[in-house]
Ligand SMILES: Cc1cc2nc3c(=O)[nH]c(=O)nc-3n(C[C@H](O)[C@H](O)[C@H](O)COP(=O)(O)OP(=O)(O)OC[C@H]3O[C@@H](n4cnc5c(N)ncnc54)[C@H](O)[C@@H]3O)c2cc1C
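Given next, in structure tokens, is a single chain: the form predicted on its own.
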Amino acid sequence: MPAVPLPTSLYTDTAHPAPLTPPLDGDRTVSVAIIGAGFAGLSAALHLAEMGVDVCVLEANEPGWGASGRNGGQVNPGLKFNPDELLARFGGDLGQRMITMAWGAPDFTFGLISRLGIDCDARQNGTLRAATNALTAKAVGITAAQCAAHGMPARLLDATETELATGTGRYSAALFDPRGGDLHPLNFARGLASAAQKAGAFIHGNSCVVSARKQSGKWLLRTNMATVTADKLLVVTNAYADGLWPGLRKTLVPVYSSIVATEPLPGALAHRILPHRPVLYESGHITVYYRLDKQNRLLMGGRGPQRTLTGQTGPLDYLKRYAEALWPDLRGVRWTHAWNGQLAITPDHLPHLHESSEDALIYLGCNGRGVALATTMGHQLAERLVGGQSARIDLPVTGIEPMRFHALWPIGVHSAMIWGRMKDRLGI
């Protein structure tokens, strides 16, 4: 099965050259095999190689081909649920570890980028979670209070402070967390891949795994050209999970997220929009997110057509109109790029970790927070693969539970988007 080229985007047009990741063309035996070369797989491979473990990554296309190379570039802290909800649901020990891991994930990610010297326009200028109505303002306030109670540096901005921080009067409040930030995601993925290779990991692109089975106590992975035999296995295919692992594809919904980007904005206009360069995502049912990159391009993202876009900006005109409503001076600015890709949404909106045995791990479902979460979990997954179940991991380990009526997910996503937009407009 030939590799599918990475769809054209602002990132592909501005990225550093991809590292060489030739197809697997001969049988190989390793300690750990990884299926999927997104942030989680690359981070795990890097940390395993740094621990001296013989590791091989098999990727159907190229590193960063999925959401890792197409996302909004936001490095955001936290999970969907507030800290107190996590404590109530998972108890004091695991709940607190989930809080520490998830809200600390940006620090881990930026620290890793600094340690490795990855050139990916990384900036830790903070994240804004902005309230669009009274209901979301209340929710943002609750989150802010809980973050403060847990000793986090996040703080609540009122309407005036939020307008100064964003350049628009759209929002009544916002939660600012200085640990967040942004980066060029495709350059980050390629930088992780290069670092993993330098540490000793083998990474093979255009190497789709067509079967995975146990044989004589080891994992035998077969591609169209060769095989890999491994003591342990990590599967991190996320939204692009296929039928390789029984039932896995039906545990998530692959939802398309879309982004449009402008040409570099003139200095005065660029200074008025997010002047201190935090990233922003709106609090609501159907969220919009945006940032200005290091070259002063505005990247505006949100839910769009649930199909692959081919580069035209037309299907995403609603994002352009929304940007112009926020900042009227954008009228007449040229929008140069449009693209999309699938991210994995789980029914409980939490990342899923499956451990069928001590020699097989599956991780997926960052639910739109994958840059920091997947990178951080890659490190923990590596330690778990080496240390076994005695190695602490800061997520619940669950069984694979396919969703009922999974085949109807396109209809469900479309309906949820319409209903979510209605609720956002009505403030309910």
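Numbering starts at 1 and follows the sequence shown. Just so it is clear, the structure is predicted and the values come from calculations on it, not from any experiment.
Just so it is clear, the following notes concern the form predicted together with this ligand, a form of the same protein that is not shown.
- Residues Ala15, Asn125 and Leu186 are none of them found to lie within 4.5 Å of this ligand in the predicted complex, as judged by heavy atom distances.
- Put simply, Ala60 is close to this ligand in the predicted complex: some heavy atom of it is within 4.5 Å.
- Taking the partner from elsewhere, Arg369 is found to have a heavy atom lying within 4.5 Å of this ligand in the predicted complex.
- Contact check for Thr162: no non-hydrogen atom falls within 4.5 Å of this ligand in the predicted complex.
- Among heavy atoms of Gly72, some come within 4.5 Å of this ligand in the predicted complex.
- The single contact residue among Cys56, Ala374, Leu361, Ala382, judged by any heavy atom lying within 4.5 Å of this ligand in the predicted complex, is Ala374.
- For the residues Ala88, Leu135, Leu220, Leu244, the 4.5 Å heavy atom test against this ligand in the predicted complex is passed only by Leu244.
- Segments offered: 95-103, 229-237, 318-326, 117-125. Contacting this ligand in the predicted complex at heavy atom distances within 4.5 Å is 229-237.
- In the predicted complex, Ile35, Gly36, Ala37, Gly38, Phe39, Ala40, Gly41 are the residues of 17-53 with at least one heavy atom within 4.5 Å of this ligand, listed from first to last.
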